[in-house]
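This document opens with one chain alone, in structure tokens, the form predicted on its own.
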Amino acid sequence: MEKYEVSYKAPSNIALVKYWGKKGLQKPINPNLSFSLSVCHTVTRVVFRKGVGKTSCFVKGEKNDNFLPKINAFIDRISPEFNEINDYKIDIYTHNTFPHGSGIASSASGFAALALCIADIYAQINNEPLDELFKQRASTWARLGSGSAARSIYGGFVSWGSLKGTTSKEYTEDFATPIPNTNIHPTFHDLRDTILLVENQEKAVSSSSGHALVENHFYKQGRLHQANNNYIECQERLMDGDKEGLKKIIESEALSLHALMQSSIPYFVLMKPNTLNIIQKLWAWREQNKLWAVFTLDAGANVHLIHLNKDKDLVEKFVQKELTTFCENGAYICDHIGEGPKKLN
């Protein structure tokens, strides 16, 4: 065909067990686990036109060349499997529903949406169905753009990385794997994530740069041991419904991630004073109210406040009364576990 055009929306995700450090071609040094969001997502439309020409990228309708180096590197990585891609000029139209580069995994949703569009066109050219193999291919390709994008191909809870003996099925490092809902206690089926936007701008140090510093990190082996244990225990707590046990894992993982950044050479700090102010306010409030509300952090200053759906009104009142003063322009996002990507008309 002379032209193919496909649109997808793909979610951001928030990792409960983090990975920090890569091996090989965009593979994690330790298994990790996340859940996909709903409100925070990327919408991308990809147009293939027959003929040779430079790839173009449009963000919110305006031409933007800032992302082209990463996009072109991504296309180069998948082209050995998708030879026909070189026969087309590619136009990419994309936008987020949340701030880019501020530590809410915009690269995850962005590359997941892009990979789904291109994998869909691959399936059309090769007369293949949009089945589980299609999702695995999209997850593998998304990983080549951004590691955590592998997890954004699926909804709900998602695992990525292999660790023998933790489940009946050994997960792979090539693509992410959704965790069946039957393996998740009903307590955690409707988790919510209130994202407190401490800093609504691109972070000072990219995740790619941070990952690279782990290779020679003094604490690397200790971190691998901790992450593997937390990965096993996190799956167990998600299955048995132990909220207190899960809380300790989630918050320890967030602080361990930032401790690695602060102790690398060169060292760097992505937390801001208001990040710590929010955490301390949360600890005091939940102790006083005896509610299950847990913080986590991605590679940025913003705080993810994870809580149960039944407590959402109480949490929002607390956020509005106590926490918005620590957010840039008082901004926050109310999100929740999502069903995963969707193909758009």
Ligand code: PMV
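These numbers come from a predicted model, not from an experiment. From 1 onward, residues are counted along the sequence shown.
The same protein also has a form predicted in complex with this ligand, omitted here; what follows describes it.
When contacts are judged by a 4.5 Å heavy atom cut-off, residue 257 counts as touching this ligand in the predicted complex. Contact check for residue 15: a non-hydrogen atom falls within 4.5 Å of this ligand in the predicted complex. When contacts are judged by a 4.5 Å heavy atom cut-off, residue 161 does not count as touching this ligand in the predicted complex.
Taking non-hydrogen atoms only, residue 146 approaches this ligand to within 4.5 angstroms in the predicted complex. Note on contacts: among 192, 217, 135, 211, the single residue with a heavy atom within 4.5 Å of this ligand in the predicted complex is 211. The listed set 275, 230, 139, 107 contains one residue whose heavy atoms approach this ligand in the predicted complex to within 4.5 Å, identified as 107. Within 4.5 Å of this ligand in the predicted complex, a heavy atom is found for all three of 19, 151 and 207.
Residues within 4.5 angstroms of this ligand in the predicted complex, judged by any non-hydrogen atom, belong to 293-301 and to none of the other stretches in 36-44, 60-68, 308-316, 293-301.
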